[in-house]
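Before any questions on binding or motion, here is one chain by itself as structure tokens, the form predicted alone.
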């Protein structure tokens, strides 16, 4: 009887999850076909098929400039996030100092706070420093938003790295910096790449903080919002489809890298602890 209830519960949970996933995918099922529409306005289902809106995107200098800004911004912000986040993660995992938990919580704050709160706080802070509307200020802001995700992933990776390897390297005469760069990081490359890609996605898709701080600089998400304010142009559906494809590919790469790094595999010790 108990086994039957468990089977029914799992089936019910699977059905519920399927309905939720289908509901979340409904916008994709509408946007993607509309991006190949031959109509001059947004119509679903499309009356015909065409690549005209993709051509409109690649021929518009405003969209191309926004794409370059988004790629450069995401690259620089994710790289800075990886460097700073990895150092912070190592200090959190291996360090012993007062206020460690408070500092760790502070790193997680941008993940918890609504983006609008972060945007207003940075806007006031940047206004006092007179750096509003600068590309450098935008890079720093995106780094602040992406770094917590790097800290989270690299913390897990460093915790799974055998500390005895570090101790042996230090015992054999390696400095702390040599141990980090020549011993630890080569073993954490898949995790570091996954963290970098994750930070890249966070920066690339960010719009609220960008709207507050970017000034004359346009990214893809900001340009999409501006375009919607001017007119409803089907070119946006083509851009949205490209972003969906980009997100699927990058998330798949993150999952593959995390699997290769062993971050998605349950550890035997943890399983035994759960059983006990």
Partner chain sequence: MTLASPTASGPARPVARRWSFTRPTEVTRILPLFILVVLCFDVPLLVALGWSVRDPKGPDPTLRHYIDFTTSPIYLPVVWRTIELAAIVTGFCAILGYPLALWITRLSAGRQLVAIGLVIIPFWISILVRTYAWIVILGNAGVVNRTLKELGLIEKSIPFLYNELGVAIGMVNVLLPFMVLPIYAAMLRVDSRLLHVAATLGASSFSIFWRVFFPITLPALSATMALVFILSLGFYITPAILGGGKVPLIANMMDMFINRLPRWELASAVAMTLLLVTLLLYAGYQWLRSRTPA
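The term rigid core refers to the most C-alpha atoms you can superpose between the two forms while keeping them within 1.5 Å. Model, not experiment: these values are computed from the prediction. Positions refer to the first chain, counted from 1.
We do not show the form predicted together with the partner chain, though everything after this point is about it.
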message: Which residue, 168, 72, 84, 184, is the contact with the partner chain in the predicted bound form, using a 4.5 Å heavy atom cutoff?
response: 84
message: Quick one: 33, 76 and 188 and the partner chain in the predicted bound form, is every residue within 4.5 Å by at least one heavy atom?
response: no
- prompt: Do residue 172 and the partner chain share at least one heavy atom pair within 4.5 Å in the predicted bound form?
  reply: no
message: Can you tell me if residue 147 lies within 4.5 angstroms of the partner chain in the predicted bound form, counting non-hydrogen atoms only?
response: yes
query: Could you tell me if residue 236 has a non-hydrogen atom within 4.5 Å of the partner chain in the predicted bound form?
result: yes
task: With heavy atoms only and a cut-off of 4.5 Å, decide whether residue 178 touches the partner chain in the predicted bound form.
output: no
message: Under the 4.5 Å heavy atom criterion, name the residues of 83-114 that approach the partner chain in the predicted bound form, in sequence order.
response: 84, 85, 87, 88, 90, 91, 92, 94, 95, 96, 97, 98, 103, 106, 107, 109, 110, 112, 113, 114
query: Superposing on the rigid core, does the Cα of residue 106 end up 2 Å or more away between this form and the one not shown?
result: no
field: Threshold 2 Å Cα movement between this form and the one not shown at residue 166, rigid core reference
entry: yes
- request: Determine, after fitting the two forms on their core, whether residue 17 shows a C-alpha shift of 2 Å or more between this form and the one not shown.
  value: yes
